[in-house]
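Quick heads-up: it's one chain on its own, the form predicted alone, in structure tokens.
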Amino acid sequence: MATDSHGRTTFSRGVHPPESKHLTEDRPIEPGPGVAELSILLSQHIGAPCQAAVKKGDLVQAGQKIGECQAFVCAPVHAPVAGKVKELALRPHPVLGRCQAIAIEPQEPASPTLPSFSLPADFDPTRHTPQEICEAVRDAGLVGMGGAGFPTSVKIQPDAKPPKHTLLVNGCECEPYITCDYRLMLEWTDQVLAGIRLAQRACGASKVFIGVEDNKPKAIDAVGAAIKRAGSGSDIRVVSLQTKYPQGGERQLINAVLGQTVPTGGIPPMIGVVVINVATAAAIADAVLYHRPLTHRVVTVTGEAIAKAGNYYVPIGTPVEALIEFCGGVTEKSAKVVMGGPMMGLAIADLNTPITKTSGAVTVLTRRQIGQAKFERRQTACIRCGRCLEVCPENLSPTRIAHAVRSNLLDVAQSYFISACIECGCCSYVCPANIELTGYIKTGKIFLARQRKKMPA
């Protein structure tokens, strides 16, 4: 395991912004609002988008598959509630701008109820074959719920090469403000552990590590106690990690826990490692043991500009505006609504943007929280202080990449490994010149993607 100078398990570089988790860390998961319309986006994952399996006017049942595709890297979508298909139309998407969606009018806009999960007394993951687990996970539409949304069934496939020797479970939740995973580890502990054991069975890993930052001692204790109850302590271990951002990035997590490095441009399975989030683990247990599709998730609604911050269990497709209103609305201090957290989240202008499978938080930021840069302070010239190099967890030169993009020298940006940037925002966070380094890098990636699309096959 990688350690710092004090012997704490961690990765090199990174930053430690204010955690601000006090707003919601002690708030139990509650049912969210009932809404008059849900918008189920057909692209909520990495890979091929779904195709609608219903049409306008159709009646659908809760849990019914309404979007499907035959591609290997894909995940179907399901109706969270019983209702009527209002239309198939473009809806705002937090990443893509706009995306095809299925709008459903619920039969009853009642608030969702918290799910019941009872671990069978005779639960034994070996009673399920790896293929049965993968099929159940695929049919349930599971994707990574703490990151980019890679289809989980693909990730845990048992027949991959090289063989997968380690399952790494991400319970870090290093992004400021967000506490949905923390509450899951405290309240749904047995379900999370059951999903971990099923994922281990599917991918064939001999070792399991659950990484949790050391600012969550209650979660560390709860998960450790659940492991002892299950009698599976020999091959599953909880690792306490130094609280630092982006400790939860899969490349940083692998380096911190295993001391291994994922090759630039590569993915964890290339070195025999599978990484899943604790929320994904809980959904795996639901999918395999109770055949429940992924139709709801826990979302942290937070920020000093929110009247009633908390952790809410909501149907996927719930508009952000409905969530904010359910939490008492925003205060006069509000300046920006972010899907996600303040470091890697995406600002949204349209509050009709729906919650997706990967939406762990809605953060309402104040002018003070986002700094005065957008309002009073202006960007100045780079002073070559080197702070961005000191904090970049991927050991890049963010300033050089950003300057290359600004000068439209995309080939130069590529030579500085722009594709290796994980867009964590550490460089922008520490820049004394207020240069939006991460923003320039994201823009450069978009331009490069457009160039590649125009190239002949």
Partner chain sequence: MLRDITVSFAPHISKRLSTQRVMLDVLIGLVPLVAAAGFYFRIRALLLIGVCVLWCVGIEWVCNLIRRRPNSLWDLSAVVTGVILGLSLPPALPFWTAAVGSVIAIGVGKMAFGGLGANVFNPAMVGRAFLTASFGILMTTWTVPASIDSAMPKLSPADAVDTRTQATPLAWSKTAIKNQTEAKTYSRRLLLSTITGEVAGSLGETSAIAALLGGAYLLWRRTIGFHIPAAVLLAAFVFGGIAYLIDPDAYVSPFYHLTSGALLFGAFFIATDPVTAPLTRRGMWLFGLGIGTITLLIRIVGTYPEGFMFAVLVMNGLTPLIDRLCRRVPVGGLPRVG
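Numbering follows the first chain given and starts at 1. Every value quoted in this text rests on a predicted model; they were computed, and no experiment measured them.
Although not depicted, the form predicted together with the partner chain is the subject of the following passage.
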Inset, instruction - Quick one: from Asp190, Glu87, Glu325, Glu105, grab the residue that has a heavy atom within 4.5 Å of the partner chain in the model of the complex. - result: Glu325
Inset, instruction - Work out which of Pro125, Gly146, Pro176, Pro76 lies within 4.5 Å of the partner chain in the model of the complex, going by heavy atoms. - result: Pro176
Legend entry - Proximity of Pro342 to the partner chain in the model of the complex, heavy atoms at 4.5 Å: yes
Inset, instruction - Find out whether any non-hydrogen atom of Gln51 is located within 4.5 angstroms of the partner chain in the model of the complex, and reply yes or no. - result: no
Inset, instruction - Spell out, yes or no, whether the shortest heavy atom distance between Glu37 and the partner chain in the model of the complex is within 4.5 Å. - result: no
Inset, instruction - Please check if Arg400 has a heavy atom lying within 4.5 Å of any heavy atom of the partner chain in the model of the complex. - result: yes
Inset, instruction - Could you tell me which of 236-244, 380-388, 219-227, 309-317 sits within 4.5 Å of the partner chain in the model of the complex, going by non-hydrogen atoms? - result: 380-388
Legend entry - Val337, Ala349 and Gln369 all contacting the partner chain in the model of the complex, non-hydrogen atom within 4.5 Å: yes
